[in-house]
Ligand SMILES: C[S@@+](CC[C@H](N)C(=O)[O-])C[C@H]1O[C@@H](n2cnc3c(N)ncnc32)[C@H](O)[C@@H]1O
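Shown below, as structure tokens, is a lone chain in the form predicted alone; questions about how it binds or moves come after it.
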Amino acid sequence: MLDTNLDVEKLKKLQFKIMKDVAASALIPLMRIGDQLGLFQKLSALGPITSKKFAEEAKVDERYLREWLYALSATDFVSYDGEKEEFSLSPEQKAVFADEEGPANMLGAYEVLAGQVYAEEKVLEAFKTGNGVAYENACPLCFTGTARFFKPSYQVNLIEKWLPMIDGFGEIMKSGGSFADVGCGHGLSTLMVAQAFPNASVAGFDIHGPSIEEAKKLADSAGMLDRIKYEIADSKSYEGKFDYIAFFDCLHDMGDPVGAAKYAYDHLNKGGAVILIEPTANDKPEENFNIFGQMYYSFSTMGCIPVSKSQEVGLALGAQAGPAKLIEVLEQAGFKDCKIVKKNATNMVLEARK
């Protein structure tokens, strides 16, 4: 029986939001199927096309394909001409779904989401015990999906917009500076830096062995393996001294971010700097209650917090720690000049000078 004090309009608004979220979530397996079968690339090349002809060309069952096409047309991910009963992709839809190497592709997000669904049982148990879920025990889709999800943004921003905001970065790297990418994952950011600064010494470190192996494969394919030193190491065990040490979208995942920052401080050359890229957030939680906050808090609940709590200290900063908390971590590590140098809707760049 409904509470008589309910605001009916607010109730309907909430219910409609849930329906929107359910509709969006229902697409996750469909997007994964389309991705794995290469349906977006095929439609990009073949369309406009009927479902029958498309099925023949894609070598899949027409009835399944037609329902898949209707679902994606309903959400405007696919374009449909009702008179001709033909399906196609607009230039914008092609950019987001079919161009794997382009700067607008977003299919990796669905890989991450699928991986987090698989993590439900482990995180459910962690809720009850307060323990963490070790990074290496995450679903493999989380590793591949994260690399794909971040790649377009890094392609557009890292070299041209973010790193130029770090004082002296370009000049030092062009003249043979040294750079360490801690928590490099598949090494996409590491590779971009090495390609942009051929005279620099570049290294990538990560605790996940399979990710380091994938990073080496990608570097080898790009003809850059001899330019980058990749090693399996955590944030407090890599060796060497560097002009710049970067934590790209990973410091908040670490169990001991203060210790990681202190270790970085000790492994910087004189006048060197730590570079953080973190999800954009405000210091007050309620100021993050928007579409980006919803996404980041959700990712953080299923990935960032469990990973941090599985490690020593287990500080669990979370993906929406905010500038004040991040700067506090850096200052505790010994850095004196810490500041945000760039910020957009999804990411913020921080510089901490030794």
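Just so we're clear, the structure is a prediction, and the values are computed from it rather than from any experiment. Numbering starts at 1 and runs along the sequence shown.
The following text describes the form predicted together with the named molecule, which does not appear among the structures shown.
Proximity to the named molecule in the predicted complex, taken as a non-hydrogen atom within 4.5 angstroms, holds for one residue of 230, 135, 197, 110, which is 135. Listed residues 166, 172, 126, 250 were compared with the named molecule in the predicted complex; 250 is the one with a heavy atom within 4.5 Å. Here the chain stands alone, but in the predicted complex its contact with the named molecule, taken as any heavy atom within 4.5 Å, falls in 234-242 among 172-180, 262-270, 234-242, 68-76.
In the predicted complex, no residue of the candidate spot (299, 318 and 350) has a heavy atom lying within 4.5 Å of the named molecule. Residue contact check for residue 184: one or more of its heavy atoms lie within 4.5 Å of the named molecule in the predicted complex.
At a distance threshold of 4.5 angstroms between non-hydrogen atoms, residue 207 is in contact with the named molecule in the predicted complex.
The shortest heavy atom separation between residue 44 and the named molecule in the predicted complex exceeds 4.5 Å. For the chain shown alone, residue 311 is a contact residue for the named molecule in the predicted complex, at least one non-hydrogen atom being within 4.5 angstroms.
Along 146-172, a non-hydrogen atom within 4.5 Å of the named molecule in the predicted complex is carried by 146, 150, 154, in order along the sequence.
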